[in-house]
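Form predicted alone, single chain, as structure tokens, below.
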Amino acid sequence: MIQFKHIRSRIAFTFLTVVIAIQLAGLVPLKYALVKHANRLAEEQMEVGERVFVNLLQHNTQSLKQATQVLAADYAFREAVATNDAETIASALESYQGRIHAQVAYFVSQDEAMVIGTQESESAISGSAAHQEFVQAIIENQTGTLKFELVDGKPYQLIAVPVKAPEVIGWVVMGFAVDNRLAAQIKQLTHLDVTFVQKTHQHDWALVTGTANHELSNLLVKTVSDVYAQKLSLHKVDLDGITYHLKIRSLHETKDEALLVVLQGSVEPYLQDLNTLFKVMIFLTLLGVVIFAALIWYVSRKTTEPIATLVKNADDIAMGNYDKPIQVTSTDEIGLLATALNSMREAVLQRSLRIQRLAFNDELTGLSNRLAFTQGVHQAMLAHAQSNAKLSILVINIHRFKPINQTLGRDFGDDLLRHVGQVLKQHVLSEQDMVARLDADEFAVLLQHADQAQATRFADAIQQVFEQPVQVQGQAIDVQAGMGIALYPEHGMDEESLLNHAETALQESRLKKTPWIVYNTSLEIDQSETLTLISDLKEAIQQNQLLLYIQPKVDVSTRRALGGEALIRWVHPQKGMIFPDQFIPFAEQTGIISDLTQWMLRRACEALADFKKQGLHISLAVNLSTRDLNNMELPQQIADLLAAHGLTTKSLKLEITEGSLMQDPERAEIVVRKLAAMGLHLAIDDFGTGYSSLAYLRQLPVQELKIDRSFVMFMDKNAGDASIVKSTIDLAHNLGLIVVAEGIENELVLNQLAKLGCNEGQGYFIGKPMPEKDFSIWLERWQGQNDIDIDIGDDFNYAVNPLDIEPAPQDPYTLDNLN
């Protein structure tokens, strides 16, 4: 299979091959026809030659007969015959013989008594046998026609004419030798070579005379016997490599003798003429092929030039050059292909632009993405490197975005992200500043010409915007954001380190719940300390460095003590008291929170068992984290603990937050329903800070709802908080839920909650979180005076008395309020 580099070569080769094949298909039959025509011409020539030969014999017969009759009719000659004047007869014969160029001349009397011949005739026919043979031939040929006879082994043409006076008194006989003259005469008239061959009783076929050369004549003699035996009208033989057509006529034939004349003609002269014509045809064919090949090449090149142009355009498209449109100059298939390529180029261009947008843009918000932002920071740093100008980057995170997204829907969350992005773009300091979305709820801002003071003012401005509820889908929602700030060149000389430091500052702001933090190297130390704390926490669980604290809970109406909420404290051997907000978030991130929950459940059951032994039938509430609600083994683990300590399910309460339910709602609901099926009392903690609706909570098997302290602490001073608390209590009661109020700081709030119908309450006014061993003391005093101020710090042997440390106002003691 021939491989072509260009399609024009393929087209030219194909068409040229077809043309050559067609020409050859014409030349081969032409050659065959020419050969056949040459043979036909040769055959016709042989037929014509034969007819001419016959006519020639007839003509010779008539002319010789007439000439001989002139002599036979001569009066003097007849008188000489009548008087037997032999001398006169011989003289007349000799005279007439010379006149008609005969080789033999005789007079034979009717009674064959007198036979007179000329001297030349006697010389030609010598010997008595030959003479007798000749006389016999004359006698047998008294028909007046020309006959061929062999006399003394030599062929002659004999014609006999009667001499009448008035009766036949004798015969005049004229003989002509078969010789070269006769052969030349025949050839001159027939344009054929003539060969006379004879066979006698004395020898086989032999050449008499002929017009062909000696070698060819000898070859003919060798083959004439076989050819003559075939009895065909026309014979074809190869002699010396040349094809000859032969016409053979018998002139004289007896048993032992034969005289044949062979007319022979070669096909070669005709073939030569026709071959010349054929060569001319070949030349014209080749010339036509060359001209056609040039024409094909020109046409194929002209045809494929637009294709080559399209190929170059396609290569340009493949190289990413989409801007230059392909010129469409025709309306044929090439034009249609060019139009299709243009459409493809446009589609590829649009897809490329889309890919570029996806690569460097956030499709949701239309802002730049992390890759584009890091490149932008890199370019800005290069531009600022020579001028020593400063730039700042801020990484901004939206707090509680995941619960918002899960509670209010993904579309709402998407609109919120777009809104935040627009807010950031509207407050940038210059047109060169850049806003990007780095992650789900994380944004970044590049302030091209901002030092620390300008960056913090920008952060304050953003914070002020988010202090007011934002409107998304017609719904007002509070948005809180944390920001980390990093400066160039103080905090990093490349974009990655600068962005990492800004994210470190952001993480610190989330831990410290401050609006923004500017990066400093001490934050790295805090991170290192955090890792150390995580390592120490594992050891603290094993070495019993954790303490169980209990915050009392009472009936709001009767002020009867009902139990408490189990809390945790960590007394580090070197660092002293560590509050939960310093290790619970990391415990949740690393999974250690499950070990802490198990520790809390075990210690709560131990405490309940002790209280039971003391005759105190109270309950303790233990907080469950998100990981606990995803632990399908938790119900069985709790059942085992209760059984091990001889407790009923009424002794233990479990508090869960709205956020923990939303992490994996389906799995959490399974665990919650298993716990409820066991008879455990379940409570929704910190209600009001999340985004769960009461309609959703109604579907859960919970019995209690705890109102967050932020609504309760100042309800005596803030009518709005009081209204929210009242509404929540009414709605919860309508759903059949027990309401517990957190953050009761004074008796006025306690009384106000009692009037609103709140069922239970807890707070500093009732009792601060205390070691489990002091709970019975508090219980005794609370039952006596309802207003208690327990001084329990003297009994501690720790380096730092936990009660000497004032708890943070944002309730750092409950597990799920620390995220």
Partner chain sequence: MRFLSRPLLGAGLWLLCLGLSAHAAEVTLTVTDAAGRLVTDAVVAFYDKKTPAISPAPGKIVQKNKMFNPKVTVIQTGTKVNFPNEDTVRHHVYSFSPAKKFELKLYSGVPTDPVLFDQAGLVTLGCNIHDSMVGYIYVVDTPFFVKTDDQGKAMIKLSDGQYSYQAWLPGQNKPGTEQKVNIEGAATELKIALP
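Numbering follows the first chain given and starts at 1. Small disclaimer: the values here were computed from a predicted structure and weren't measured.
A second form of this protein, the form predicted in complex with its partner chain, is not displayed here; the remarks below concern that form.
Three-residue candidate spot R8, I296 and Y298; no residue lies within 4.5 angstroms of its partner chain in the predicted bound form by any non-hydrogen atom. Contact annotation for S387: none of its heavy atoms lies within 4.5 Å of its partner chain in the predicted bound form.
Contact annotation: E79 falls within 4.5 Å of its partner chain in the predicted bound form, judged by heavy atom distances.
None of the heavy atoms of F283 is located within 4.5 Å of its partner chain in the predicted bound form. Heavy atoms of K512 never reach within 4.5 Å of its partner chain in the predicted bound form, leaving it off the interface. Residue E167 is the only one of D256, E215, E539, E167 with a heavy atom lying within 4.5 Å of its partner chain in the predicted bound form. The single contact residue among S430, N544, T83, Q574, judged by any heavy atom lying within 4.5 Å of its partner chain in the predicted bound form, is T83. Annotated contact segment (heavy atom within 4.5 Å of its partner chain in the predicted bound form): 157-165, selected among 499-507, 242-250, 157-165, 461-469.
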